[in-house]
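First, one chain by itself: the form predicted alone, in structure tokens.
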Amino acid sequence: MTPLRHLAVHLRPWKQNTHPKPENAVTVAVSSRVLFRTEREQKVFEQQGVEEYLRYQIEHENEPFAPGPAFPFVKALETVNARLRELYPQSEELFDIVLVTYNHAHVGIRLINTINHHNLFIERFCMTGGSSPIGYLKAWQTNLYLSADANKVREALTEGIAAATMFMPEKMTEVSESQLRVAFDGDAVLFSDESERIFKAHGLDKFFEHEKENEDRLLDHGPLKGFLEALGKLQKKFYAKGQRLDCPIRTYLVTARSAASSGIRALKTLRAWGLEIDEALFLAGAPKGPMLEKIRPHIYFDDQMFHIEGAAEMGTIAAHVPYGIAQKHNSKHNTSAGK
């Protein structure tokens, strides 16, 4: 059999839920390699080639994949959707999850079996047969793309799509089953890398001076600003029903900025954008891992691998946003007091 080169799938609805139109939904595209554990299959592909890989997948198509790093996040999105449907039965303002994979269509049966096994409500598939999915992401008006492929993540960011690379930590902290928790770094994630550039070029004192001089000038937006905006829009639907204190979405700013010397500009920018952050932690250069361990987010976004690795060591699912000046400095031992 000759594999199809591209296949976009809309599965027949097998639950009573209906799908929102892309213009109304918060669309989260997730690659199969981060939603599920596919290390064994990836090894077959790398060592034995595509034909043996396809044969292996078909032979094992009735064996569901184990959950991957994005799995708890996707389950939490579905929990929020259930609450929204209770409050707004006719509304299309929901999370819409799209499974994106470079796999050929032959692998689709195993993915569908896995989704049914784990009782996930994912009806939209995009199987590209090895081609880039970015064009499809744009057509779906994707609000967030999560992948294990750093090159595709960078391609998505270049096209203006919020995106991050996910990794499988050695251990995974237990997270809330009733509340979606999303944590963001500030500079080069929610905000542009303008201030980070000052720090890298001129040092910490010049960074503090720059922030003080510009505290009334808004920071430009970063790659994840739109996703925070989308989360805030859904939060307000719960607030409108008197459920602010019982909202199933909670957001966090976890930044190495210090509150007194550089926090004002960040908070003023968020307020001017009309965005609320439920909790803001200004760590003044202290490690983020211990704070994230207490928060237990379903996902944490940062542009520096140093912080990603520190979070992962403590069991936090962290996603790397390869954006901004820090990408020239990213290494095992790199950190930034300005972030």
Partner chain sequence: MVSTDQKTDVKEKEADCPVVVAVTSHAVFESGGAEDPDGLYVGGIAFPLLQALQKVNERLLKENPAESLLFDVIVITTESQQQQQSSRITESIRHHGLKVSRFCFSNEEDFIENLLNNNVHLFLTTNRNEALQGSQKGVLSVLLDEHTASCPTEQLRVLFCGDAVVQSEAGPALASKQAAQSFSAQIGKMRGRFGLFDSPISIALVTSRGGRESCGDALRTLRSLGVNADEAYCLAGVPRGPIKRLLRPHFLLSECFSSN
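Positions refer to the first chain, counted from 1. Please read these numbers as outputs of a predicted model, since none were measured by experiment.
Not on display, but discussed next: the form predicted together with its partner chain.
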### Query
Which of 235-243, 202-210, 160-168, 99-107 has heavy atoms within 4.5 Å of its partner chain in the predicted bound form?
99-107
### Task
Using heavy atoms only and a 4.5 Å cut-off, determine which of F125, F184, F227, F73 is in contact with its partner chain in the predicted bound form.
F125
### Task
Identify, from the list A260, L87, A150, A139, the residue with a heavy atom within 4.5 Å of its partner chain in the predicted bound form.
A139
### Task
Classify T79 as contacting or not contacting its partner chain in the predicted bound form by the rule of any non-hydrogen atom within 4.5 angstroms, answering yes or no.
no
### Query
Heavy atom to heavy atom, is P22 within 4.5 Å of its partner chain in the predicted bound form?
yes
### Query
Just to confirm, V44 within 4.5 Å of its partner chain in the predicted bound form by heavy atoms?
no
### Message
With a cut-off of 4.5 Å between heavy atoms, is V50 one of the residues that contacts its partner chain in the predicted bound form?
### Response
yes
### Message
Can you confirm whether E61, N116 and L120, the three residues that make up this candidate site, all sit within 4.5 Å of its partner chain in the predicted bound form, judged by heavy atoms?
### Response
yes
